[in-house]
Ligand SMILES: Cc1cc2nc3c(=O)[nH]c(=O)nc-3n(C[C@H](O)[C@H](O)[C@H](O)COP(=O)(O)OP(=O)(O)OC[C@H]3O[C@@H](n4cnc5c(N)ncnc54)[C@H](O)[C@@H]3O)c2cc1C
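Heads up, the chain below is alone and in the form predicted alone; it's given as structure tokens.
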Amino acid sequence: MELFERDDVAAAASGRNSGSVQHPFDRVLSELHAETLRHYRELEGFELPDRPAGVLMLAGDLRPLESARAEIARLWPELRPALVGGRDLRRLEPNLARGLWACRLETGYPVRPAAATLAFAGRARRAGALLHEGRAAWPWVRSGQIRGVFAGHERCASGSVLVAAGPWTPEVIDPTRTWSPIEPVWGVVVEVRLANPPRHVLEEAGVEDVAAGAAGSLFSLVSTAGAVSLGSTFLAEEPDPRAWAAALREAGAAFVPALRDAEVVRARACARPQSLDGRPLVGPVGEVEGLWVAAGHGPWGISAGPATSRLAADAILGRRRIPASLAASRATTTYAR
């Protein structure tokens, strides 16, 4: 097996996200999430916390949280949703602003963003895989069948090619972009220094709706291994991350007042691969025999990506079938070469 990576391993969203592995609030993705947790626990060189830190969905009004709690309790009771406010909330997170309400969920594992991807890469190398970093590649197709990849001026033969290039997947598969079911949604994460970082993963209520495709920004705060990541934006165009730092810090101060004066350590941006229905596309692409895809997780790559990769690999080897809810064929396409 050979991997061709245009930049460095974990150079994009897998190494630039906020660093919270958490439930995706989706019936199909939740199955991938449960399997992903098992993969992380078995991964040498990577430590997933034994228990989730918990997610606090925050709002200034109790009513939207009541409906969210009821729906989550009905669909995913294992998340044990509970409404918290007043002294009880400040006991959980003493540095939150007064007047807030929260719905606490039993999910959210803070991890270093790139750690898992680098650990998987290390495991692949030990198993004999060749990882070519800083080397872009494109499918080599002849007469409707994969022959391998073009890598610079070299042709590398292969029986199957899996494209997992995040938001750039459509242009790798089809430079004309007639096949374009995945679009980039840009996120900015600002790393700040806080004397008292949060114990929970903090999120403004409604982030799951914005993640589904609406543009804008909503508050989130994740603390892991001494780093505190403040976000997040959902933008159609690539932003200047430093230009967003002040705005995110000011908006975040409504939830954690100490953010207003927090020192900015660094800011980063990444493009999330957003599919048209919010679920990844997995499986054969169009009419080209041997061409496969696994991309389109939106913000849930860190939470469901490893299980998606296992599904794609097993399907290529004939061990599993791709469920219709994830099949790449659900994206209307006439792509053929």
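A quick note: this is a predicted structure, and the numbers were derived from the prediction, not measured. Each residue number is its position in the shown sequence, starting from 1.
Same protein, other form: the form predicted together with the named molecule, not shown, and the subject of what follows.
Q: Find the only residue in V282, L48, C270, L291 having a heavy atom within 4.5 Å of the named molecule in the model of the complex.
A: Going through each option in turn, the one that passes is C270.
Q: If you check G108, G252, P198, P167 against the named molecule in the model of the complex, which one has a heavy atom within 4.5 Å?
A: Flagged contact: P167.
Q: Work out which of the listed stretches, 282 to 290, 65 to 73, 295 to 303, 49 to 57, brings a heavy atom within 4.5 angstroms of the named molecule in the model of the complex.
A: Heavy-atom contact with the partner occurs in 295 to 303.
Q: Quick one: is R330 in contact with the named molecule in the model of the complex, heavy atoms, 4.5 Å cut-off?
A: The answer is no: R330 has no heavy atom within 4.5 Å of the named molecule.
Q: With the partner left out of view, is R135 within 4.5 angstroms of the named molecule in the model of the complex by any non-hydrogen atom?
A: Answer yes; at least one heavy atom of R135 falls within 4.5 Å of the named molecule in the model of the complex.
Q: Could you tell me if E5 has a non-hydrogen atom within 4.5 Å of the named molecule in the model of the complex?
A: E5: contacts the named molecule in the model of the complex.
Q: Determine whether any heavy atom of A12 comes within 4.5 Å of a heavy atom of the named molecule in the model of the complex, and answer yes or no.
A: Looking in the model of the complex, residue contacts with the named molecule include A12, since a heavy atom lies within 4.5 Å.
Q: For the stretch 221 to 253, return the residues whose heavy atoms include at least one within 4.5 Å of the named molecule in the model of the complex, in the order they occur.
A: Counting only heavy atoms within 4.5 Å of the named molecule in the model of the complex, the single contacting residue of 221 to 253 is S232.
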